[in-house]
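Just the one chain here, the form predicted alone, laid out as structure tokens.
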């Protein structure tokens, strides 16, 4: 399918990019790696009049360590995360999430900012224009029906990014800029919880980078993902865990985040009562699975049925937690 006509702008600085986003006031979209946006344009799900390509903004690329924080530019290719010793030595969950996105050709194109800010997905939305014309427009396409939940009164599309659950588990912070203003928000706060517009950014705003505090020496993290084809597929369910253990082997802190369960990554609340003050052998994973299952509403709008994805969610979450609690697990060297 051919792309629709658009005007391409290629700024070389952040200031130029932000000026263009302000000039076009919502009619322009930022183009990062294009692995999410270009297919949407081919399907005519996005038809921007202008694309502001960030490929030539070199200051948005790179991974650096400064004052106990790791800074990652929004235009850093995922392949750079995979090859970075800073990432592999400190953030196993982020390394595993980057690797899980897809095969090397995808990792070479896809960027950190683009992967975080991708749109939500649904079998009834991510289709060609011809396919969609055979049915009434769904909520996400501007209509008033949900084909996945016929009597539903909202959009049930699913956010399927890999990096975001890992970054939320790691308490990462995003730098968000518009012309004349910048702000820092947690990655969790970047999500609206609304499937129609899952990313809570203004039309003139750009994510320019991510910052993560270096972990404690006794901390570890992990990311697990279920998908149909390892080389290309989005997660059907995923989970990221970050845990800290004391010198006595007991769990001091833990954070568990679920992915591909709704319009945003979901932090499992009150998870500490299952883990804190216990060893791994003392954790009641059956009770945790019940809590996870009760809080997830999975509908039939991805490749596998919602009932199967829901059943697998607790399995993937347990695997992520166990991996994060194994001493030295995931501390992968390149």
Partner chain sequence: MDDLSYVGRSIPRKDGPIKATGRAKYTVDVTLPGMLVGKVLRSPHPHARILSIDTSKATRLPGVKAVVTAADSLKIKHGFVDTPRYPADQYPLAVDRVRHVGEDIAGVAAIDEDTAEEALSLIEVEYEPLAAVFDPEEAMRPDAPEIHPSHPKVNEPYRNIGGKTATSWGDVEKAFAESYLVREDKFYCQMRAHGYMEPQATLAHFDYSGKLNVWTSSMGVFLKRAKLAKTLGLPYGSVRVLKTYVGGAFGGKIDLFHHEYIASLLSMKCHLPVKIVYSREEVFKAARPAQPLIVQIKTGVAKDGTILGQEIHAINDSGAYHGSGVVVIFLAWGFAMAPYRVPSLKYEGYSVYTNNLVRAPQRGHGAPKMRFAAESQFDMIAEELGIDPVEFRLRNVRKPGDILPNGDSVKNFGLRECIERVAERTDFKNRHEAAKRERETGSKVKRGIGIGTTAYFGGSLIYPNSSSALVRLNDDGSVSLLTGALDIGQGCETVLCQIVAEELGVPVEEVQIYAADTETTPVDIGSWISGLTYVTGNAVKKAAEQAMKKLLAAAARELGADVNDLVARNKEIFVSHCPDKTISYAGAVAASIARDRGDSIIGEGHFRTMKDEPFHPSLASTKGRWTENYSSYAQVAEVEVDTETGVVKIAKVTTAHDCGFPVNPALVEGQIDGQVSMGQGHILTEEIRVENGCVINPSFLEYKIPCSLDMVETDYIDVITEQYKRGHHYNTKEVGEGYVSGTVVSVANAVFNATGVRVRKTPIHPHDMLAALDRLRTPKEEKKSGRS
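Residue numbers count along the first chain shown, from 1. Just so it is clear, the structure is predicted and the values come from calculations on it, not from any experiment.
Not pictured, yet referred to below: the form predicted together with its partner chain.
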Would you classify residue 233 as touching its partner chain in the predicted complex, given a 4.5 Å non-hydrogen atom cut-off?
yes
Using heavy atoms and a 4.5 Å limit, would one call residue 128 a contact residue for its partner chain in the predicted complex?
yes
For residue 1, is any heavy atom within 4.5 Å of its partner chain in the predicted complex, or not?
yes
Heavy atom to heavy atom, is residue 312 within 4.5 Å of its partner chain in the predicted complex?
yes
Listed residue that, although its partner chain is not shown, lies within 4.5 Å of it in the predicted complex (heavy atoms), from 203, 154, 229, 183:
229
Its partner chain in the predicted complex has a heavy atom of only one listed residue within 4.5 Å, and of 279, 303, 27, 66 that residue is 303
Which is the contacting stretch out of 195-203, 220-228, 77-85, 161-169, given heavy atoms within 4.5 Å of its partner chain in the predicted complex?
220-228
Scan 101-136 and write down, in order along the chain, each residue with a heavy atom lying within 4.5 Å of its partner chain in the predicted complex.
121, 123, 124, 127, 128, 130, 131, 134, 135
